[in-house]
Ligand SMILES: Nc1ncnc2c1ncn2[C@@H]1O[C@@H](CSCCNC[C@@H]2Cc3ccc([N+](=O)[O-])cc3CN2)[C@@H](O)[C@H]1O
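Just the one chain here, the form predicted alone, laid out as structure tokens.
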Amino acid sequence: EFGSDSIVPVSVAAMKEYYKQFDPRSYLRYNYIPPRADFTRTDSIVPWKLSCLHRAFQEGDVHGRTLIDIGSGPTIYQLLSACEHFSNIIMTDFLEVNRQEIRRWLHGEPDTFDWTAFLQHACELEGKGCSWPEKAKRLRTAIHDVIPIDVHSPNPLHPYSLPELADCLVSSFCLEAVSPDRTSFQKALTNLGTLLKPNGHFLMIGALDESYYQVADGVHIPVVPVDQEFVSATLKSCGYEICTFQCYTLPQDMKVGVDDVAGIFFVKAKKK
């Protein structure tokens, strides 16, 4: 079992083995309750992420019909702004347990994670006076599929066949968390580019200078540490123009012992 005190170089195959221990409920509990999801604080992680996504969509140049969420995990918060602008959202994850968690929310099953505060905050950011149940309904309507993905494959969605390339990709805490090294990160980003139309946008949120994170009680998974310079250079080498790059530094009380993340980045990039 991998531990935070035994970080060693690994392979893509080893990463996939580690992820068999991923527990969606534990992950949600570690990262999506206060202090990391405290909507009374402007310096809390989740409100910062939602604000970045809100601004990216409000700028008006990210639009179209199809949006693919890359490595959705068991979360929906990353699509709360997107559902106002895209009618065909495809969620993806490598793990069936995460896809099941999303489907349970889509079907309104009891005992799913409570996203109410996230929905309310997104509505407040938009200032349209819409109620959070309306936004939840809009998101459920916009999500047309929840499918497997392997970002390390040249055809990441195989055997799923995309009717059309995406107008936008969104990805949150995926590539650095599933890549054993920076070369794999770059190859994965290249693979994902095959899903996006020319002039389409890629909105990415990721961890800065993180080497591990906890995915279940007592289970840690290695993360490839990245910084702004590396992420920017990699996007450019993969044919993207960077529109926005923002960084957030964790306050001390956000370091809750489930990872060693130093900060978070948000980047809005456009495929040439």
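Keep in mind it's a predicted model, so treat the numbers as computed, not measured. All residue numbers refer to positions in the sequence shown, first residue = 1.
The same protein also exists as the form predicted together with the ligand; that form is not shown, yet it is the one meant from here on.
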Between the options L235, I45, L53, M204, which residue brings a heavy atom to within 4.5 Å of the ligand in the predicted bound form? I45
Listed residue that, although the ligand is not shown, lies within 4.5 Å of it in the predicted bound form (heavy atoms), from C168, L195, I143, A177: A177
Mind telling me which stretch in 78 to 86, 157 to 165, 143 to 151, 118 to 126 gets its heavy atoms within 4.5 Å of the ligand in the predicted bound form? 143 to 151
Contact flag, G200 vs the ligand in the predicted bound form, heavy atom cut 4.5 Å: no
Would R25 count as touching the ligand in the predicted bound form under a 4.5 Å heavy atom rule? no
Given that the partner is absent here, does F173 sit within 4.5 Å of the ligand in the predicted bound form, heavy atoms only? yes
Can you tell me whether F185 touches the ligand? I mean in the predicted bound form, with a 4.5 angstroms heavy atom cut-off. no
Just give me the residues of 30 to 46, first to last, that have a heavy atom within 4.5 Å of the ligand in the predicted bound form. N31, Y32, R36, I45
